[in-house]
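Here you get one chain, nothing else, as C-alpha cells; it is the form predicted alone.
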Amino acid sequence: MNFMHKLASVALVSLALTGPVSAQDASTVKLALIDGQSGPNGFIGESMRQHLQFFAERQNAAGGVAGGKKLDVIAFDNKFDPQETIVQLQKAIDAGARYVFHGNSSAVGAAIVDFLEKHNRRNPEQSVLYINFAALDPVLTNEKCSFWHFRFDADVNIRTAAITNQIKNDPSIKKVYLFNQDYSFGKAVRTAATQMLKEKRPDIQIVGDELIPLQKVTDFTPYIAKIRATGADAVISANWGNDLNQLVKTGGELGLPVKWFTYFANGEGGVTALGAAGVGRVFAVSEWHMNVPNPTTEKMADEFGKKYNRDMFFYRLDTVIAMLARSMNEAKTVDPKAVAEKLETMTYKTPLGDTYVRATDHQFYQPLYVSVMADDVPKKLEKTPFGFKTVGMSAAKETEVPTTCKMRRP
C-alpha cells in the first residue's frame, strides 16, 4: 500500500472535550494525543487519553489558559506504528492542533521529532510542540534533541540508575538476566543496565541478554525456561504492555524464583497479570504510585477512579498540563515557540516535591519512587488484593544525568 493510499484509508479517532474538530476555533487550544487506540495494547492508549482528558478538564474548570481558552483533547490512533504516526500527525495539524502528546514507543517519538523539525522550519506559522510523556530512549534528549520536543518522564538512564541503585543494595542478587524488546528503547536499557551494574556491583554476573520482537511473542514459556537455566536471581525488563504482563505472568505460573525489576509493572494490567506471585518480587520505578501518602494526589486518584473506573497511573500529566498552562499564561499567547521559551526554564512545585525542565535538552526532572508489589497496602490496584509500596525515593536533583544535546534553536 503506498503512502497516499494509506493516508486516504486510515480513519481518525476524534475524542474531543469541548466540541467538534475545527482548525478555526480560537476559543480552544487543541491537544492532539497520537498513540495506539486499537489492537491488543489499545487499552494503554485509551488510558492515556482518559488521563489527558481528565487533567485538561481540571485546567478548564480552573479557568483554562491564556485568558480563558479551553483545552480540547483529540485522539488519533497510530496503531503503535512510526509510519502511521506521520499520517495521523499530519491529520492532527490539519485539524488545528499545535500541541502533540505521545507516550508509547521511542521509535514513534523519533519519527515525530524528525517530522516536526522539518515541518516547523518550513511552516513557522504552523509550528507544533511535541510533549513526550513516556517515550524513554535517551537519544531523544541527546543526539536527536530538538527545541520542539519536551520529555516529561524519566528516560532510560534515569530509571535504570534508580533500578540499579536498588540492586546495588541487595546482596542476595548475584546473577542478573536482561530481557527487553528489540528496538531502540530496549537496546538503550540493555546498554545502561550493563554499564551501571558493572560500576555499582562488579561482582554481579549478567547471565542473559535477550531481545524479543516488539509485541509479537505469544508464548513466553521457552524464555522462562532459559532464564531458569541460568540461575538468575533477578531480571531487568523494560517491556511494556502484553510483552511485560505475559512475561511476568508466565514466570509466576511456572514458579520462577527471581526478582523482577521493571519500568512499568505498576501500570495497566500489571498486578492482574502477576497475582500473588508478584508480592515481594516485582519492582517498578515511577514518579508516583497509589500508595504514596499525599492527600492531594490521593484525592485526585479517587476522582479519576470514580470517573473512569480505572486506576490513575499517569500522574505526571497533571504536572505537564499545569506547567503548559503557566507557560501559556506567562507568554500571554498559545503560540508554541513562545510557550516553549517559557516552558524550557520553568520550575514547578508539585504536591510531591520540586520539578524542573533542563533548558539544554528539554528533559524534565521530578522525584522518583522505586516500589515493590505488596499485599499489605491500603490502596489496591485493579480490584485485586495487591498494590505497590515505596522501597526507595530520589529527589529530582538526585536523578540528573549528563546530556550530549547540541540543540538547534529557531
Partner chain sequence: MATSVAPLLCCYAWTKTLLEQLAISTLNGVIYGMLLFMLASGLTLIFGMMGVLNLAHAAMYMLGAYLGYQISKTLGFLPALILAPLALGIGGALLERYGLRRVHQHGHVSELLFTFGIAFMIQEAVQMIWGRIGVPYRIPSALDFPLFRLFSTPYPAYRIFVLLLAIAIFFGLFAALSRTRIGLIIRAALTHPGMVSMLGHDVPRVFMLVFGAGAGLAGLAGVIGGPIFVTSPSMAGALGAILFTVVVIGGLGSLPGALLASLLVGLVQTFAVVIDVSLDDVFKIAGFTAASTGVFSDIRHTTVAQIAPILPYLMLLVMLVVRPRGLFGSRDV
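None of these values were measured; they are calculated from a predicted model. Residue numbers count along the first chain shown, from 1. C-alpha atoms forming the largest set that superposes within 1.5 Å between two forms make up the rigid core.
Although not depicted, the form predicted together with its partner chain is the subject of the following passage.
Proximity to its partner chain in the model of the complex holds for none of V292, D318 and T347, with the criterion being a heavy atom within 4.5 Å. The closest non-hydrogen atom of K226 lies within 4.5 Å of its partner chain in the model of the complex. Within 4.5 Å of any heavy atom of its partner chain in the model of the complex lies no heavy atom of T360. Although the partner is absent here, S27 sits far enough away that none of its heavy atoms falls within 4.5 Å of its partner chain in the model of the complex. Shown alone here, D203 lies farther than 4.5 Å from its partner chain in the model of the complex, counting heavy atoms only. Contact with its partner chain in the model of the complex, defined as a heavy atom within 4.5 Å, holds for exactly one of S146, Q166, Q246, N329, namely Q246. Comment: its partner chain is not present in this chain, but in the model of the complex one of D153, E210, D233, E298 has a heavy atom within 4.5 Å of it, namely E210. Residues with any non-hydrogen atom within 4.5 angstroms of its partner chain in the model of the complex fall in just one of 63-71, 339-347, 31-39, 352-360: 31-39.
Residues of 208-222 placing a heavy atom within 4.5 Å of its partner chain in the model of the complex, in sequence order: E210, L211, P213, K216, V217, T218, D219, T221, P222. If you fit the rigid core between this form and the one not shown, you'll see the Cα of P213 move by 2 angstroms or more.
After superposition on the rigid core, displacement of the C-alpha of Q181 between this form and the one not shown amounts to 2 Å or more.
In this overlay on the rigid core, P222 has a C-alpha that sits 2 Å or more away from its partner position between this form and the one not shown.
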